[in-house]
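Just the one chain here, the form predicted on its own, laid out as C-alpha cells.
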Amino acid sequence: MTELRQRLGREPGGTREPEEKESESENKLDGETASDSESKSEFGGSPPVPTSDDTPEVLNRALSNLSSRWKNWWVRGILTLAMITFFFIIIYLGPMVLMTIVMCVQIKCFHEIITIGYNVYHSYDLPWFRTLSWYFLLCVNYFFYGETVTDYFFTLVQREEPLRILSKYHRFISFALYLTGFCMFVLSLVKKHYRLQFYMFGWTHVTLLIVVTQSHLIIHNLFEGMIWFIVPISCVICNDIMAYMFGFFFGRTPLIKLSPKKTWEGFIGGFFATVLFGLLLSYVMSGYRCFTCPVEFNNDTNSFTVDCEPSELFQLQEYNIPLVLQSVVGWKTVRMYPFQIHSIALSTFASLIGPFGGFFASGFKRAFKIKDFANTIPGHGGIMDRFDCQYLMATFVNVYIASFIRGPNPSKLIQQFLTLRPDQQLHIFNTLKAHLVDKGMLGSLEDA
C-alpha cells in the first residue's frame, strides 16, 4: 500500500495531479485565444529562475561555516551597510548628483522589467521590440525632464535662446517624438504575431508609467528640499531593515501569501521602529538649511544654490502635550519642528502602505516564476527589488506636498511676470492695484 502511494505521488495522475492541472489550466487561460504556435511559444515554458550563487567569493569563504539562514542574514546585512554608505556619499555630493543617480536607477529598473518581458517572449524574435522600448523611454524622459527644467529653472531657460525655443514648443516636440515611435510600432507589426506585439506594447507603456513617472515625482520632491527626498526614502529603508530584523528574530505569524517570509511581527515591529526613526531623523535634518531649502538657480553666480530663510516648518515650536500623556512622560510641553509632525505621516505610510509596493512586486515575480528582477546586488536581487516600495512612496510624498505643504510661489510668479511684454505687465499691474484698493490695502486710485 505504501509503495502504491509513492508511485501515485511520482507518476502522472497521482496525488500531484491537481496541482499540475491547475498550473496547466492557468497557462491555457492566459493564452486561450491564441493560435497553437503562439500558445506554445508564449506560455509553454517558464522563464529561467536564476539559481547561481552571486555572492562575492570573499564573503562565501568568510561565511562558509554558517548555515544558509545565517549566511543570508550576514550577506544582506553587509551589503545593506554598503548601500547605506553609498547613499550618504551621494547625499554629500549634493542635489544634482542625487538627480543623476535617480535617473540611473530609473534606467536600470526599466531595463530589468523590459528584460523580463524579452526573456518570457524571446522566441518570437519580435522586430524592433527592444529598440522601440528604449526609444519610448527616451521620449518620456525628454518630456518629464523638460517640464521640470522649465518649471524650476525658468530664469535660466529664458536667458538662453535655444532653451527658450525648446521650452516654448516642448510639448509639441514631445508629442512629435512619441508619434514617431507609435508609427514605427505600427509599421513593425508582423502577421501571426499581432497579439504578442500588442502585449509588449502594453508591457512597455505600463513599465514607463510605473518607473519613469514615479522617478519624475522623486525629482520633484528633491527640488522642494532635500529633506523631502531623504526622509521618505530613509523611512522606507528603515522599515525594510527593521521589518526584516523583527521578522528574522521574532517572526511566527505569516502576513500575506504573496510573500510567505513576511510576518505580522516584522510588520508591526517595523512600523513602530520607522515612526521613531522618522521623528529623530527629521529633528536632526530640520536644523540644516542645506536640507530644508529648495534647490534654486542663482542668476548672479550662474549656479544652483540651496540657501534660504527656513520656513515655519523648520523652526522650533512649542506644543502642549495631551493631558492623557502628561502623567506618563512628566512634561506639559515639548519643543519640536512642525516638519516632525509631517514625518509621522510619511513614516506611517512607509510602514503600512509602502510594503504593498513590495507585495505587488512579489505578485509580479510569481506571475512570471522568477525569484528576483535581476541579480545585480547579491542577497538583494535587482535594483527594482530594492526600489519597489520607493516608487509608491514617491507618489505619496508628491501628493502630500501638493495637498498640505506647497502654496503659491511669489518668486516664480515674478519671474514669469518679467518675461511678458510691457503692455501685458502694465495690464497686470493695473489689475492688481485695483484689487488691492478694493481690499483697502492701498489708497484710492485718485490719491494714487
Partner chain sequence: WGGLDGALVFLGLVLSIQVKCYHEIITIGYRVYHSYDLPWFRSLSWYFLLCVNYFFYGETVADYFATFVQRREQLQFLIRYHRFISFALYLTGFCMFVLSLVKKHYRLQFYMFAWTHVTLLITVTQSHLVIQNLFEGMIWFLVPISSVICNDITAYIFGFFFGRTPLIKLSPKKTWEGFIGGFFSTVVFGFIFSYFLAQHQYFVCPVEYNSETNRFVTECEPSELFQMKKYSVPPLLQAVLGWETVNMYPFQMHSIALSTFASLIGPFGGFFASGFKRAFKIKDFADTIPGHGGIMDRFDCQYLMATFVHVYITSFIRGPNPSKLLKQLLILQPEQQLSVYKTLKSHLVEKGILQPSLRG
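Numbering follows the first chain given and starts at 1. This is a predicted model, so every value here is computed, not measured.
There is also a form predicted together with the partner chain; it is not shown, and the following applies to it.
K.L.:
For the partner chain, considered in the predicted complex: do all three of Y194, I256 and L392 come within 4.5 Å of it, counting heavy atoms only?
P.N.:
Yes, because Y194, I256 and L392 each have a heavy atom that approaches the partner chain to within 4.5 Å in the predicted complex.
K.L.:
Only one of F297, Y288, Y135, F185 gets a heavy atom within 4.5 Å of the partner chain in the predicted complex. Which one?
P.N.:
When the partner chain is considered in the predicted complex, the option within 4.5 Å is F185.
K.L.:
Out of V206, C104, A82, L325, which one falls within 4.5 Å of the partner chain in the predicted complex, going by heavy atoms?
P.N.:
That would be V206.
K.L.:
According to a 4.5 angstroms non-hydrogen atom cut-off, is R335 in contact with the partner chain in the predicted complex?
P.N.:
R335 lies outside the contact set for the partner chain.
K.L.:
So, in the predicted complex, is Y199 in contact with the partner chain at a 4.5 angstroms heavy atom limit?
P.N.:
Yes - in the predicted complex, heavy atoms of Y199 and the partner chain come within 4.5 Å of each other.
K.L.:
Could you tell me if L189 has a non-hydrogen atom within 4.5 Å of the partner chain in the predicted complex?
P.N.:
Yes - in the predicted complex, heavy atoms of L189 and the partner chain come within 4.5 Å of each other.
K.L.:
Should I165 be counted as a contact of the partner chain in the predicted complex, where contact means heavy atoms within 4.5 Å?
P.N.:
Outside the cut-off, so no.
K.L.:
Which is the contacting stretch out of 351-359, 314-322, 73-81, 234-242, given heavy atoms within 4.5 Å of the partner chain in the predicted complex?
P.N.:
The contacting stretch is 351-359.
K.L.:
Across 272-293, which residues bring a heavy atom to within 4.5 Å of the partner chain in the predicted complex?
P.N.:
Residues within 4.5 Å: none.
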